[in-house]
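One chain is shown next in structure tokens, namely the form predicted alone.
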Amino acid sequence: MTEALYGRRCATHELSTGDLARMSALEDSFRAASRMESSLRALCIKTHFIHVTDGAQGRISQTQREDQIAVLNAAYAPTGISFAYDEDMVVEVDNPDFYRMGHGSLRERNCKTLHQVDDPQKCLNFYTAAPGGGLLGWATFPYMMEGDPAMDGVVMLDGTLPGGTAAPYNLGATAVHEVGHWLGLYHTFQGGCVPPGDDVADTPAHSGPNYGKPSDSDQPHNLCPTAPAGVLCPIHNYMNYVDDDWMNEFTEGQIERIWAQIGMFRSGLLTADNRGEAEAAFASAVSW
């Protein structure tokens, strides 16, 4: 079964109840103080691929990189965010120890400290490796940037990129999920049925992750008892654990959170060269 092969799909740090409450209060304050018009929400994030390998193991092709960027762009199109990379900036690190880095390990820190491509305040550093233990990847949340910028970015199991070996998670949606964390989103099942859950009003609370390809006709799956009548479990949401080809949506509430998190903790992205015509207007509107 899918659960048995990749029981811990994502190792991204789980926030405590206190951290969740603090973040919710910060977001409320930010939204009240800022003037973030949706028409100005246009951002292209520079993405730097750092492929950690063990000889031939873990090598990623240019086609896979291009396909991964295409998957990210299709998924994030409704948010106004796109991604781009420069093939000349791709880094390959042949190091057997780093290749098997664990989440939060000294190997991870050393690898990132040595091989981070660019200022993490202005780009996404996208690492691939083979951490093992059934992990498909992890990410740092935006608020972690201030205290530990060297660790910023996402780490992906190399087999999850399009055309990789980690079926059914080899279509590129795992990167969509991890970048969602990098932009401030929690799992849709955050906290199970304990409020505030993921603290997004339009992602119904459910007790745990959904796997595979759950049928819409089998609703409500594992919805929490407090869910309103007629609400459906978010079985197609990118921040759930379903198969790659079952993920296809972010909600409006999640999009609002992403832009609030960018404004609060990743404002360096807003001054990048590829902000486009909306750069000056958006930067002046995001004042907190």
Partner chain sequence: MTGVALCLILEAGFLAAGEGGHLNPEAVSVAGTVLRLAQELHANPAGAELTLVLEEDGSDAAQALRAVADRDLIGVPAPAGAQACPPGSRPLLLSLRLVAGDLRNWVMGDARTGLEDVSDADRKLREELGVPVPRRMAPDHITGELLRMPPSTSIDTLHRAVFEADQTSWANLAGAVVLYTENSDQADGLRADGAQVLSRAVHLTRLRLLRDPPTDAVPLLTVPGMVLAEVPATETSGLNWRDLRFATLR
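Numbering follows the first chain given and starts at 1. None of the values given here were measured: they were computed from a predicted structure.
We do not show the form predicted in complex with the partner chain, though everything after this point is about it.
S.K.: Residues in which of 86-94, 73-81, 150-158, 121-129 have heavy atoms within 4.5 Å of the partner chain in the predicted bound form?
M.R.: Among the listed stretches, the partner-contacting one is 150-158.
S.K.: To verify the annotation, which of these, 50, 262, 242, 45, has a non-hydrogen atom within 4.5 Å of the partner chain in the predicted bound form?
M.R.: It is 242.
S.K.: State yes or no: in the predicted bound form, is some non-hydrogen atom of residue 163 no more than 4.5 angstroms from a non-hydrogen atom of the partner chain?
M.R.: Contact with the partner chain, no.
S.K.: Flag residue 98 as yes or no: does it have a non-hydrogen atom within 4.5 angstroms of any non-hydrogen atom of the partner chain in the predicted bound form?
M.R.: Flag for residue 98 set to no.
S.K.: Verify the contact flag for residue 117: yes if a non-hydrogen atom of it lies within 4.5 Å of a non-hydrogen atom of the partner chain in the predicted bound form, no if not.
M.R.: Result no; residue 117 lies far from the partner chain in the predicted bound form.
S.K.: With a cut-off of 4.5 Å between heavy atoms, is residue 171 one of the residues that contacts the partner chain in the predicted bound form?
M.R.: Close contact is absent here: in the predicted bound form, residue 171 is far from the partner chain, nothing within 4.5 Å, heavy atoms only.
S.K.: Which residues in 131-148 have a heavy atom within 4.5 Å of the partner chain in the predicted bound form?
M.R.: Stretch hits, in order: 133, 134, 135, 136, 137, 138, 139, 140, 141, 143, 144, 147, 148.
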